[in-house]
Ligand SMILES: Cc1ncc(COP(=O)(O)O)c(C=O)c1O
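Given as C-alpha cells, the chain that follows is alone and in the form predicted alone.
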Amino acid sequence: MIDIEEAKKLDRQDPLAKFRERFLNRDHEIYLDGNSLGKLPLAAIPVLEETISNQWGKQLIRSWNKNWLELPKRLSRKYCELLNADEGELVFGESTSVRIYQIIFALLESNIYPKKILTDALNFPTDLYVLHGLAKHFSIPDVQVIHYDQEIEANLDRLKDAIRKSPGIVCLSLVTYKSSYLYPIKELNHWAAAHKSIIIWDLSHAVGALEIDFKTTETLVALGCTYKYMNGGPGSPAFLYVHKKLQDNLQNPIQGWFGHQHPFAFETKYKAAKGLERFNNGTPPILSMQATETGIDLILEAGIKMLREKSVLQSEFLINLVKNELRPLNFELQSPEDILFRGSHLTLSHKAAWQICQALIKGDGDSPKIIPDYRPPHFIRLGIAPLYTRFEDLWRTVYQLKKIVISESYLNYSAQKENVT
C-alpha cells in the first residue's frame, strides 16, 4: 500500500490546502459526503448571527429594503460569474424540484419543441418523479426512460438514437448520482439542437466541482441545488438558468408575487415580470440565501479551474488505491475510469456495503470516524470536495475499508438501513 507519508506530502504541496481551515472540521473525523451535503463554512456563522440578531431581530421589516431584496439578485450575479452566463439569464431561489417543474411545464406549454419527455435510468429519482407528473398533467405519452446495460455510464449511441427517433424535451443529470458518470455536455447539446430537441441539465452533482461554461457548451437550460459542493447549507435554494433567446417565449406556471412586474404595487391582476425574473415565485428564503452566499464566495475565491484540477488528482490517487488494495477484497469500482467522463465522487460496490458504511461511521480507537454515503442496493459513494478533502483522508479511508473487511468487523452491524444514508 502507498505509504501515508506520500499522501501527507501531496497535502503539503496542495495550493488549495489553506481553504480547509475555512470550514468547521471535527477532530478524529473524515467527511466524504460533501457530494450530498457540503461542510459548514465558518464565515456562515457570523453572517447568520448578524441576520438573525440584527437584521431580523432589530431592524425587522426595514431589512427588506436595506439588506434582503438585493440578495437573490446578488447571488444570481455570482452564479453567472461561476457558470459564464450573462446577467439576467439566471435566477436564484426555490428547490431543484420546483425549478424542474417550472421550466419543463413552460417548455411544454410553449410548443417550441415536440411534446415528448425523455430521460434515462441514470437520472436522479426526484427528477423522474417530476417528469412523470408533468407527462400526466399534459396528457402526453409517458416519459421515455432510456435504459442501459449497466449503471456506470450512458450508452451515448443509444441515447442519441432515442433523441433522434423521439425529439422533444430531454432531462439529464450532468453528473449521475450513483456512479459519477459525466456526460459530454457540448456534444449532446449539439445533437439535441440538430434533432429539434432541448436538454435540461441538472447540475446538482456537478456545480462547484467541475468547470461548467454555459456559453462554450451552448447550454440553453440548466438548474441545480447549492448544498453539495457549493456548501450552501441544508436545503439551500436552487438556481435556474435559461438562455436569453428562450425567455420571451416561456411563462412561469407558478404566478407568485415576486414574479410580478410590480410586486409591491399589490395589483389584483398578474403581470409577468420581464425576462427570467418572471420565474421568481414567493418570498425568498432569506436565512438560507445568506448562508449560501458564503459558499459561492469560497468557490469563486479558490477558482473552479484549480478545484477541478485537485479533484482529478485526488480521484486518480483514490482509484489507484482501490485497484491495488480493495479489489482483492471484493470491492469493485462503479465509476468511469476515464476522467473525461467522471465527476468528483467515486462509487464502490460491495455485497455488505451498508454494514461497511456503518463500521466506517462508528470508527474505533485507532481510526477516525469516516462519513461516506450509501446508496442502495450496494454502493458506497466517496465524495471528493476539493476545498476541504485531503489526500490523507483518502488514504485513511482505504486503510480503514481494508481493515474492516479483513477483520470482518462489519458483521457486527445490522443490514437494516436508516432513512437518511
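Just so it is clear, the model here is predicted, and its values are computed rather than measured. Numbering starts at 1 and follows the sequence shown.
The form predicted together with this ligand is left out here; the points below concern that form.
Within this chain, S95 lines the site of this ligand in the model of the complex, having a heavy atom no more than 4.5 Å away. Not displayed here, this ligand is kept clear of Y181 by more than 4.5 Å at the level of heavy atoms in the model of the complex. In the model of the complex, this ligand sits within 4.5 Å of a heavy atom belonging to D202. Contact annotation: H350 falls outside 4.5 Å of this ligand in the model of the complex, judged by heavy atom distances. Here the chain stands by itself, but in the model of the complex one stretch of 189 to 197, 72 to 80, 202 to 210, 313 to 321, 202 to 210, has heavy atoms within 4.5 Å of this ligand. Between the options C225, A291, L298, I104, the residue in contact with this ligand in the model of the complex by a heavy atom within 4.5 angstroms is C225. Interface residue among T119, S173, Q334, T219 relative to this ligand in the model of the complex, by the heavy atom within 4.5 Å criterion: S173. Heavy atoms closer than or equal to 4.5 Å to this ligand in the model of the complex belong, across 113 to 133, to the residues F124, T126, D127, ordered by sequence position.
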